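Quick heads-up: it's one chain on its own, the form predicted alone, in structure tokens.
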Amino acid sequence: MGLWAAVKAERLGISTLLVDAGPLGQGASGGLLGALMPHTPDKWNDKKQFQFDALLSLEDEIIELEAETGLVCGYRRSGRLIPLPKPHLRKIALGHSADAEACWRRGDRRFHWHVLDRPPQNGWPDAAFAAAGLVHDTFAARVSPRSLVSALVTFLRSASNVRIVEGLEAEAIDPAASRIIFHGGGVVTFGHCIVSAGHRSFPLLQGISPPLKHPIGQPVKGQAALLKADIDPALPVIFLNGLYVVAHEGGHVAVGSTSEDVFDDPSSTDAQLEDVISRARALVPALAQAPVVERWAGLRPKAIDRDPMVGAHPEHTRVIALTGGFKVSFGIAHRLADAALNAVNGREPRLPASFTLANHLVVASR
């Protein structure tokens, strides 16, 4: 999210200092999975509309970024398959099909939530997991997280309005003096400060807020793996009971992920990932003997009510949050960055109310 905000600031001609505690883009966004999954199309609301618009516009954003940098981001609107192991799930899915026809549309573009009797390609997934059929969602997509991050970083390293400082971690915000205090004693003053430090954003923002009953957010550990297999990269993402199987270019398939509120080591992998890999091998027989080429773990920012946390602090309006979101933010980060920069420029952020920092502070105070 912070990288997108800096890219958008460069395009707007805003002088920007981009400070990262480590190398740019090496946090949770440097993972493996890259699944860009829409919410189900039923019970439509402003959150689902925001996500739909963002996921749709990401396609053009990536085309523009690739043209500017000469890099490829590994984006494909591949769709998604959701096996239906039980009959009652098929009935629910058929209802969602009509919802998608009504809601997943923009101009002459239409996206569907078809209910199929069997997998469109043998073994992707194993038909034994789809006793009642499966959903084929044509709106979902995938991207190579590292390739996208690399393109954003490449753009920023040649930007004229953005100065980059790596390896400098913020310790506290002093809103009265409009300054950031860094570990080691360094200080930077600001006109506006966008706080987009992943899960490390939460204590920074909580530190300038009134006493709250609950933390406004927490880190959640995720683990994923990359397998080497001769799989068509055009195949849809498979999703079943929290398990994702994502075909990428280069004969790679990403599988994941875990969601761990309690953990000892944020960067180590363990038996929970091995279970994910085993489940993926059972779901897709072609992965049964596929070697694991990388295991990955990282921390994602989960706000108190799971939604993104964006917008001006209600008591310190020059401090702007851009974090949270947990699982959905990667695919909508460009639009969240637009909202944060609207706050910088004194415009309406144009966000669902539940996405705002003010809302999260209210929830944490209860």
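Note that the structure is predicted; figures quoted are calculated from it, not measured. The numbering used is simple: start at 1 and walk along the sequence shown.
The following text describes the form predicted together with a small molecule, which does not appear among the structures shown.
Since the partner isn't included here, can you check whether the small molecule sits close to all of L33, R200 and G298 in the predicted bound form (heavy atom within 4.5 Å for each)? Yes: each residue has a heavy atom within 4.5 Å of the partner.
Would R306 sit within 4.5 Å of the small molecule in the predicted bound form, counting heavy atoms only? Answer no; every heavy atom of R306 is more than 4.5 Å from the small molecule in the predicted bound form.
Can any non-hydrogen atom of L168 be found within 4.5 angstroms of the small molecule in the predicted bound form? Yes - in the predicted bound form, heavy atoms of L168 and the small molecule come within 4.5 Å of each other.
Closest heavy atom of S196 to the small molecule in the predicted bound form, within 4.5 Å or not? Close contact exists here: in the predicted bound form, S196 approaches the small molecule to within 4.5 Å, heavy atoms only.
Should G325 be classed as touching the small molecule in the predicted bound form when contacts are defined as heavy atoms within 4.5 Å? Flag for G325 set to yes.
So if I measure heavy atom distances to the small molecule in the predicted bound form, which of the stretches 65-73, 24-32, 41-49, 309-317 falls within 4.5 Å? Only one stretch passes the 4.5 Å heavy-atom test: 24-32.
Contact assignment for the small molecule in the predicted bound form, among L227, L148, A224, V245, heavy atom within 4.5 Å: Checked against the cut-off, the match is A224.
Taking 4.5 Å between heavy atoms as the contact cutoff, choose which of L204, A286, A130, L283 touches the small molecule in the predicted bound form. For this set of options, the contacting one is L204.
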